[in-house]
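One chain comes next, on its own, written as structure tokens: the form predicted alone.
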Amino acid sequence: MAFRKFLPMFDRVLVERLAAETVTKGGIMLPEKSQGKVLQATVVAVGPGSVNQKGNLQPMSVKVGEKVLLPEYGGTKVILDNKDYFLFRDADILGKYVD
């Protein structure tokens, strides 16, 4: 609910990373160091878009609620109501998952 109070500017996208797998398919518990960095996230808020050189608004390529693939590094960590979110530029998002 905290993300409803936060609106990203320009071409920024606010995402919430998915939780890391803590148990393998065989039922073995994974220690924190063995868990890989989660590169999947859910979009929780998007900015209005960027303005090109002609002054036209470039629409965003993702929408709220979509699942996206993030780069391994980058993004800005934002803490809202004791929960971690990350800000990425629209162009930094590698792809989105379609059903």
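From 1 onward, residues are counted along the sequence shown. This one's a predicted model, so the numbers in the text were calculated from it and none came from an experiment.
FYI, the form predicted together with a further copy of the same chain isn't displayed, but the following is about it.
### Query
Hey, in the predicted bound form, is I79 touching a further copy of the same chain, heavy atoms inside 4.5 Å?
Yes.
### Message
Contact with a further copy of the same chain in the predicted bound form for G55, defined as at least one heavy atom pair within 4.5 Å: yes or no?
### Response
Yes.
#### Entry: 4.5 angstroms heavy atom contact with a further copy of the same chain in the predicted bound form for A45
A45: no, not in contact with a further copy of the same chain in the predicted bound form.
### Query
Is the gap between L18 and a further copy of the same chain in the predicted bound form 4.5 Å or less for some heavy atom pair?
Judged by the heavy-atom cut-off of 4.5 Å, L18 is well away from a further copy of the same chain in the predicted bound form.
### Task
Quick one: name the residues from 78-99 with any non-hydrogen atom within 4.5 angstroms of a further copy of the same chain in the predicted bound form.
V78, I79, L80, L87, R89, D90, A91, D92, I93, L94, G95, K96, Y97, V98, D99, in sequence order.
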